[in-house]
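Have a look below at one chain only, the form predicted on its own, in structure tokens format.
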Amino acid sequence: MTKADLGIYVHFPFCVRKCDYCDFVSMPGTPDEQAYYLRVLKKEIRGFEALENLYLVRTVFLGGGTPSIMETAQLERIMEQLREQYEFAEDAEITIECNPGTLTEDKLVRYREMGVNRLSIGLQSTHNEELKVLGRIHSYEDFLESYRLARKAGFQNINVDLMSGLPGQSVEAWEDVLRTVVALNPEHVSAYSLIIEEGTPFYERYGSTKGRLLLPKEKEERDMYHMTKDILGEAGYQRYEISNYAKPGRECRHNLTYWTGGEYVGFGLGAYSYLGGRRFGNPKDKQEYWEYARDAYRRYKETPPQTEQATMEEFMFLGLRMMRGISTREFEEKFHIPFQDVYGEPVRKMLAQGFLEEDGSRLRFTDKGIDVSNRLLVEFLL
């Protein structure tokens, strides 16, 4: 029997300190809390043993939080358990998220030994004053040391996370950030715009009309956005998703699983899965997760399959985030209905307005469409 491809996400919610802009499921945690979390996490993973003969693991993403603050032996035990339960592809992409200042030479060597072959380092800015505004625990110098150690340990696939639109940030400052990172020649760059999320300290500071005056103006943000594409493009990075750029062949295969409708299972606090046509998520509350994890597989089996309407919407939402866009032929093969019958009207309108372009059976956003993509994607709700 041919095994289906699978991506695995494992969430480690612990951080040294939660950043002021962050609304992810993350928190500081004592060593005892971390050890207990690992025990619950292992039970949840073990509960999905019934899947072991059905899937071939193509990607693993150890995310957070900050997985790199965990004891390396704890991460090793999780990877050992996953390898015991599942068959891994020989070229499986295995990523760990790291924060500067939490890496050591020994950790990096042991990551390599456990099969990790890709690092995602949360830099955000090369300017220390901007890092302080964000509430980051590290300096740019800490990042440089972590990056140097990673290269020394043999990592040849490194992503650097950056963030634009920061309070007080100028277009010139963002250009300096981009050019400084390009000079380091990482294989991948994720460049996100700051989003002010409710419930965060940043929302209290910048969520009001008065607070937003401290953020870059809309035109400045748009200039930063276009500058990102230009500078990274000139340096040989191909933009393959709205916020992600990679050297040829270095696209994040795990994220592509999400964006192309592939199957993945998420373990840990607040993790999400798309498995067997079912989409489901773990509780974000610690106490609820402790209870849920013991019986997570049964709960998954009792989850009703996602409706065809929701699957169509996701096909469009996720596919149009990628620069290659979506294939109308693939849509019709998947759903057995003419594409025009479902989305003909909004597509005709966006083509006429210059927001979409056609290339054979493929549809993708133009640069003009990408600028307002969040507004346009709403048109594909059924």
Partner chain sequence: MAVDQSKIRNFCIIAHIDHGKSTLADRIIEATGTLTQREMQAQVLDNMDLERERGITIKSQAVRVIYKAKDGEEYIFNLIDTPGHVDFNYEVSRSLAACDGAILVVDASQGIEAQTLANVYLALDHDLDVFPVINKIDLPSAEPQRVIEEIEDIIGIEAQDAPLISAKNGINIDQVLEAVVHKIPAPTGDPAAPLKALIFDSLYDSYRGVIVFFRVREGTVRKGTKIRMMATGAEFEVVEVGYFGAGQFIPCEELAAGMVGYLTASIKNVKETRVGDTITQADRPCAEPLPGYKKVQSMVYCGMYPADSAKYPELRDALEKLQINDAALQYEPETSVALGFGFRCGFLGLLHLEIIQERLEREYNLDLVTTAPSVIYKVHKTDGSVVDLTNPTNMPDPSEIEYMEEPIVSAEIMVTTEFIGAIMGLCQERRGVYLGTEYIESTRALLRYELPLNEIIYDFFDALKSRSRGYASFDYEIKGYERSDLVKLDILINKEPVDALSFILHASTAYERGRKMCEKLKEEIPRHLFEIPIQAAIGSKIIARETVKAVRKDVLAKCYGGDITRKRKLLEKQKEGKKRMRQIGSVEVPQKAFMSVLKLDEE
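Numbering follows the first chain given and starts at 1. Predicted, not measured: the structure shown is a model, and the values here were computed from it.
One more form of this protein, predicted in complex with the partner chain, exists but is not displayed; see below.
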Checking Lys210, Arg179, Arg148, Lys219 against the partner chain in the predicted complex, the residue with a non-hydrogen atom inside 4.5 angstroms turns out to be Lys219
Only hit among Leu215, Ile242, Ile137, Val133 for heavy atom within 4.5 Å of the partner chain in the predicted complex is Ile242
key: the partner chain contact at Tyr264 in the predicted complex, heavy atom, 4.5 Å   = yes
- Message: My question is simply whether Val16 lines the interface with the partner chain in the predicted complex - judged by any non-hydrogen atom within 4.5 Å.
- Response: no
| request: Find out whether any non-hydrogen atom of Glu379 is located within 4.5 angstroms of the partner chain in the predicted complex, and reply yes or no. | output: yes
So, Phe317 and the partner chain: in the predicted complex, are they within 4.5 Å at any heavy atom pair? yes
ask   = Is the partner chain in the predicted complex near all of Ala89, Glu113 and Lys247, within 4.5 Å of a heavy atom of each?
value = no
With a 4.5 Å heavy atom cut-off to the partner chain in the predicted complex, the contacting stretch among 124 to 132, 185 to 193, 100 to 108, 67 to 75 is 185 to 193
When the partner chain is considered in the predicted complex, the residues of 350 to 382 having a heavy atom within 4.5 Å of it are Phe355, Ile370, Asp371, Val372, Ser373, Asn374, Arg375, Leu376, Leu377, Val378, Glu379, Leu381, Leu382
